[in-house]
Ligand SMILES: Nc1ncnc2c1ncn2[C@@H]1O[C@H](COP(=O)(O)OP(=O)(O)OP(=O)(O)O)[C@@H](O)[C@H]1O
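First comes one chain, alone, set out as structure tokens in the form predicted alone.
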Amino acid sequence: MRLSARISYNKQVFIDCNKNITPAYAVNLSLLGLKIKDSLPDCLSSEIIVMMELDQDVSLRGRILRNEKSEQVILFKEDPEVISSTVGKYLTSKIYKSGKCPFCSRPIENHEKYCRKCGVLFDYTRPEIVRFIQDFKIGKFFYDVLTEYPDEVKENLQDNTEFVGVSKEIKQVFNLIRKYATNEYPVLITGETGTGKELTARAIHERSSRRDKPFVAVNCAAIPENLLESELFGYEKGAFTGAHKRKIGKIEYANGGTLFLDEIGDMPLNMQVKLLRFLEDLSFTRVGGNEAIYADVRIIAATNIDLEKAVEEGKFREDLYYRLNVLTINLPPLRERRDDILVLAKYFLNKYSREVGKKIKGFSKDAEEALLSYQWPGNVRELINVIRKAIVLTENSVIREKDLDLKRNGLGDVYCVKTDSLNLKENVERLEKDLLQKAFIRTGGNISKMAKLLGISRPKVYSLIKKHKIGEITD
């Protein structure tokens, strides 16, 4: 994956190798190095100085190597400050002069700093950007950049993003996002609660040709069955009691953009039929109406349940499953992408410690070990909650293991009586609160899912949440 633009150079350069100056013909130039047409076998792997013409004549230290195609390249070995003021400045001016992205050829508008289509930077005149790209090559960029350049990171990442990582598992997801963004086929995103399904859907939308149109998200599990149809398709005035005026539905509002159907596996069967009918020709009628309305939307659906099993059990329509399951992305749980745990933890630590005005340097060794050994049943969402709580609790400049309080929050822990008391009422209360907390984390506070998981009614869940003062809820 290239992070730096590569432009045609086609000029003669001079190489000082072992005090012998040799001319060579350059082919292209990037922030990291220079590809040369000539073969210089005597200089391979040697420290050299390349003299070249940019906006002015410059001399840069480097090393001649072979790339994967056995072509000879010069890898620059200068500090970021030097590269940004020479090669970076030259690349930036050439990119803006060309008027198009060097990666995807999209026109550059209003001197924008990065491509709205592929997300790549155009401005390489800042040393921290050069350092970012250089360090990315050896997999440590997050640690250095997040610590040394928090403002730059904040500028280039969305405020609420949780979608960062360096593991091979998450890189595969990034690769699929880029591929799927180039077409209009439906996408089905699967994964456990808290793995970032909506973030994935948004990433596809923002890299697609629909990025300037609405992205509309609908949680199929959070809307009562009797309201879901009017929420999706809208309704006409007088369609039912209380319908005092026409209402535009989510599908109509998303016209031209992307409709994200979260928790599609929890959609009632009768609504599945109506959704399937819409997917046939992208037309629908509002509740209480007769007019056929066309909506040009791309469908992205997500679920945390096994839809194939749901089809076998008769809980999900087979024809709808195959209609949605054209392109798929399976998001790995956090426990399967352990290379990302400390990267994410450090990112969230920097982000949320600034929010509360605390200067926290990082994690102690035992805290890092605890983060890596924990199973993270609530995935990234649980990690965020753990880090935010630790920031509030700590009185030190680093987060310690006890600040994380992972053992008490772990969903995988087996409940045991942590007191010598054999009072049944006390221990039942403790177990009740413990199970309620775990259900809350696993479902993200969704009342219907909590009730189903705990085997009790929705009113009982409300009552217990109020009794034990368990977090905020969504319904």
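Start at 1 with the first residue shown and count on from there. The structure displayed is predicted, hence computed values, not measured ones.
There is also a form predicted together with the ligand; it is not shown, and the following applies to it.
- Contact annotation: G265 falls outside 4.5 Å of the ligand in the predicted complex, judged by heavy atom distances.
- Using a 4.5 Å cutoff between non-hydrogen atoms, T193 counts as a contact of the ligand in the predicted complex.
- The ligand is not shown here, but in the predicted complex it comes within 4.5 Å of a heavy atom of F348.
- When the ligand is considered in the predicted complex, K197 lines it closely, a heavy atom lying within 4.5 Å.
- In short, of 269-277, 394-402, 198-206, 104-112 it is 198-206 that has heavy atoms within 4.5 Å of the ligand in the predicted complex.
- Proximity to the ligand in the predicted complex, defined as a heavy atom within 4.5 Å, singles out one entry of N304, S230, S84, T258, which is N304.
- Scanning R381, R126, K389, R335 against the ligand in the predicted complex with a 4.5 Å heavy atom cut-off leaves one residue, R381.
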